[in-house]
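Given next, in structure tokens, is a single chain: the form predicted on its own.
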């Protein structure tokens, strides 16, 4: 990609000549493959390729951005002219500044034991057809079986006027599925998502066939043995999947610095956390919620973000208190701090904004059995099917899919439609013990308008919550 690197370097140098006080350019090439298998039949297949360059400049205290997929010097020069013109025309009352960062020169890549490019689309379809066949052999009535496999190979080169020059290669793999199991006039539905950074070996690491068949078995059991979930105040033990959605929605989103500053208010929403609320108590002392792009093989793995800042683990909630916001260089300057490498874009043709990566509850040392032992009467929620949360990320609801009654520390029969409905501080304050069984599911982080869905991981260990209201 020497030609593309030359164009990026040219864009940065030309922007400086045009009067930009700061300039960055990002080449990105994406090579996605995706197919859908519906009830055993191939329903859709997409193989694509996209590449281009985006340029962002800071001039006269304002930002300008422009992008092109025409990779010639003439076209790159034109987008630099546009970006500088946009910035100079903005005439902001409050000039934008960037937090200071040292330049980085590096090339990083995610290893692939079996390269995604070396596996044919026919082999990928055959793999998912095998999973579909396995659940049909269970003999259950499963009228809706929807599988989607998507992979993408993302190559980038970033340079800025401070001297950073960063190349990267990130292969990503994702499987999403929906199932509906029917028994008589009743039905049970599920949706799961698994993500991986790396090669085709990710399918084996997931143990996909076993996970899907076990899910189908639990759905059938809920239909045939499930009883109404108990209501009222009681203890609940939640699984890594439930911990993950709570971490993402009620910690990750409200600690995005642009939300905290109100800049997403008319788009993705606000935050119940204010700019001066670092240190505010939102949970018990055993609660640590992190976002870490450097978790190996998590689908949102990266070493440097799309502003060329080195990634690190961020503790948004630490010992039950708001500890840190997710920052890009612009918001970091507004908070008089440093960026923590949370700036990402979905492709070359949009600006990078503050985003989560792999968000999870930090594990501690309890086994699941130890968490359950402490429950006299309550519920073990192993998965969820539905969630809702308001645009300040304060009032939330999580509706269980697979759940069980717990009596005197023992798991009893399945219970159906367990609903946790409470505020974010109430949820995290009720946590009195955290497990060690850290696990992740794939997901998408939605933000901005038009929406920019971006790869994310949601995870955590099992947790025990005391005396929360279930309905």
Partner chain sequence: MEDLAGRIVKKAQQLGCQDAVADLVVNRAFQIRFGRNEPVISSRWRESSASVFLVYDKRVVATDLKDLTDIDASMDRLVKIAKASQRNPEYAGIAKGPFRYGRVRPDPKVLALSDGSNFVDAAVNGAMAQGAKECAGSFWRYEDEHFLATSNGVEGHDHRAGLYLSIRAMVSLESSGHGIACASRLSQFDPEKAGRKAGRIAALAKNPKGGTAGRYTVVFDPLIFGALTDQVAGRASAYSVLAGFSPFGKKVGKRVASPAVTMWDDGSQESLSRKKFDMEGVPTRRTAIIQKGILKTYLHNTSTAKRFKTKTTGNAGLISPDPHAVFVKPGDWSRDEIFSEVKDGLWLTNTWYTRYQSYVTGDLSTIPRDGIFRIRKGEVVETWKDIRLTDNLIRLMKNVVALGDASEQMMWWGEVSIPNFVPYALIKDVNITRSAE
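Positions refer to the first chain, counted from 1. Small disclaimer: the values here were computed from a predicted structure and weren't measured.
The same protein also has a form predicted in complex with its partner chain, omitted here; what follows describes it.
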item: Contact test in the predicted complex: residue 280 vs its partner chain, heavy atoms, 4.5 Å; value: no
item: Residue 422 within 4.5 Å of its partner chain in the predicted complex, heavy atoms; value: yes
item: Proximity of residue 288 to its partner chain in the predicted complex, heavy atoms at 4.5 Å; value: no
item: 4.5 angstroms heavy atom contact with its partner chain in the predicted complex for residue 67; value: yes
item: Joint contact, 78, 264 and 448 to its partner chain in the predicted complex, by non-hydrogen atom at 4.5 Å; value: yes
item: The single option of 104, 96, 303, 234 touching its partner chain in the predicted complex, heavy atom within 4.5 Å; value: 96
item: The single option of 343, 152, 168, 271 touching its partner chain in the predicted complex, heavy atom within 4.5 Å; value: 271
item: Partner-proximal stretch of 159 to 167, 364 to 372, 79 to 87, 294 to 302 relative to its partner chain in the predicted complex, 4.5 angstroms, heavy atom; value: 79 to 87
item: Partner contacts for 96 to 128, taking its partner chain in the predicted complex and a 4.5 Å heavy atom cut-off; value: 96, 121, 122, 125
